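To begin, one chain is listed below as structure tokens, in the form predicted on its own.
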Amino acid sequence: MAAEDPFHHLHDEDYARPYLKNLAGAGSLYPRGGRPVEPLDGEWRLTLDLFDEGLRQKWFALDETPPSQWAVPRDYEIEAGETVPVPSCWNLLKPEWTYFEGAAWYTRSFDWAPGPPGERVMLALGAANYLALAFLNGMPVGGHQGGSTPFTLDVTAAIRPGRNRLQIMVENRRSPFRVPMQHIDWFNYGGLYREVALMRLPALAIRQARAALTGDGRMILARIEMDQPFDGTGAFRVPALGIDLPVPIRQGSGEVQVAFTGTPWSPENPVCYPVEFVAGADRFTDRIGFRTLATRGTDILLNGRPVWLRGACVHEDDRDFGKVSTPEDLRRRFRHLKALGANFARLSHYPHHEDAARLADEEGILLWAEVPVYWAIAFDNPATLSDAENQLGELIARDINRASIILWGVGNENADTDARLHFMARLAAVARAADPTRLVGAACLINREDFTIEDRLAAHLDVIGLNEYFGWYEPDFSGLEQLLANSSPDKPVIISETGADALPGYRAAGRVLFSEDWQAEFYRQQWARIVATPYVAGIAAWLLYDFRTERRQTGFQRGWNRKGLIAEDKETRKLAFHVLAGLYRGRDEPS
């Protein structure tokens, strides 16, 4: 069929291929690093696109002529779209959109004033679930896959002085080949749910700037990586410590070491220092806490001393805003963790908003950050592995300077198969290559024949995560006692999940499922056994807040996982919250 045929799109099932060639990856990410940005949040037009007509018919190429002036009819008009806020999740904007999974087109216009000659302009998105394709003034400018990590697109060639039109297609269909795959235990929100902005960069820019303590804690190692080959001299500055050093840069990268004379970052004293990296005409700023991290036998060492982790898992989910994380919501999260007596949180099961780790730096909460290699990922699919590697790389690149993050999680509850071992061992290697200063872990399953902590992946991990629900999915705690007694790992174990559902306000004596009383007793019983086990280095209760998930459909759940210590209103504390807070505060370290 001839390409000029107006109905060609009806028969072209290869319509998406041209737009999927240049998806952004970790190597194209420019963290904001204190650079000024021009926000594009606010009101956008949104049109749902169940049949991918936007790509088939090239909606991005249509002008904005009103229908009264059309020569022939069209199937799309920007002004006919709904006015919606960005960031937001479309699922919570209209009742009929609650369960929508598919593509939707966001459109907005903005004015642009060009900067100095040689300036480059980046479109920076905090996240879009799951596939995003961007078009500026009718030109494709790139895209991204992965629903929880940030990306930047170079729009220099497409942006123009004066009025500009930006369109972003976002598509959130579940698939067995994506990360995560289609079978998950949280809600599949869709949309531009994090911030969108424009970032101005000089012709030669800093791609990444990092600073961390060497293993002995005596020196700061600072590194600058440029986005192009460059020979010259940069600078690394920490004014509060009197540091102002030249950084020799060769072929686009350089590093320098300097004695550390400051106060190490810790939960008890979360000191962060303003730092500055300079190279050429670019300047990158941050606030960095300096600390060391290691393991020794079954201990986790922070600044050379054992630390025992008392915490909770948390989903990025809100009853009213979905995956959108507001500053108020994030600060409430850390207030509740502090009230619980926690020093630790697991950000389940995907990268959370970057401000979560920034706030954890301020508040002194240690973090486990992870990518959604969840359950039965297509471990034998090279494209799925590439997707997972990219998401992990983008997470690490974004949060490389966050002192609060102590562990990169590479998976959760995956069956121990050969394909899975290869897949996740590769992710562990990627994490260590990108960031040798942190630990690598995964939430593992157990050997249920011998009742032991036994997973071949453990050889590739620094910390073994153990998800166990003895006393909930198993009627009693005898299996936990057997498991803990039979196991003798040579590295730290974190109880990365344990918990029981409770409907707020439902009270009953004894082991009555979904009662607040049994949830509280569950934690008493778990705690007594866990703290008596010498190789366990911490616990992350499952979880801080109830969260939306359509897998859960009993009369008690009705679309919510009720294992939260706090209800979905994020105010109502269940009995277990108070019990666990007492346990956490009753001892600083297990004996």
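Numbers follow the displayed sequence, beginning with 1. Small disclaimer: the values here were computed from a predicted structure and weren't measured.
Although it is not shown, the form predicted together with ligand ADA is what the next lines describe.
Trainee: Can you pick the one in D317, E497, D455, E394 that has a heavy atom within 4.5 Å of ligand ADA in the predicted bound form?
Mentor: Result of the distance check: E497.
Trainee: Would you kindly say which of W112, F321, Y469, F177 lies with a heavy atom within 4.5 Å of ligand ADA in the predicted bound form?
Mentor: For this set of options, the contacting one is Y469.
Trainee: When ligand ADA is placed as it is in the predicted bound form, which of 412-420, 327-335, 430-438, 158-166 ends up with heavy atoms within 4.5 Å of it?
Mentor: Stretch 412-420 is the one.
Trainee: Taking ligand ADA as it sits in the predicted bound form, is T533 near enough to touch it, meaning that at least one heavy atom pair lies within 4.5 angstroms?
Mentor: Output for T533 is no: heavy atoms all beyond 4.5 Å of ligand ADA.
Trainee: Contact between R35 and ligand ADA in the predicted bound form at 4.5 Å, heavy atoms?
Mentor: No, no contact at 4.5 Å.
Trainee: Is the gap between H349 and ligand ADA in the predicted bound form 4.5 Å or less for some heavy atom pair?
Mentor: Because a heavy atom of H349 falls inside 4.5 Å of ligand ADA in the predicted bound form, the answer is yes.
Trainee: Any of the heavy atoms of Y76 lying within 4.5 Å of ligand ADA in the predicted bound form?
Mentor: Contact with ligand ADA, no.
Trainee: Counting only non-hydrogen atoms and a 4.5 Å cut-off, give the residues of 353-385 close to ligand ADA in the predicted bound form.
Mentor: Y374, W375, in sequence order.
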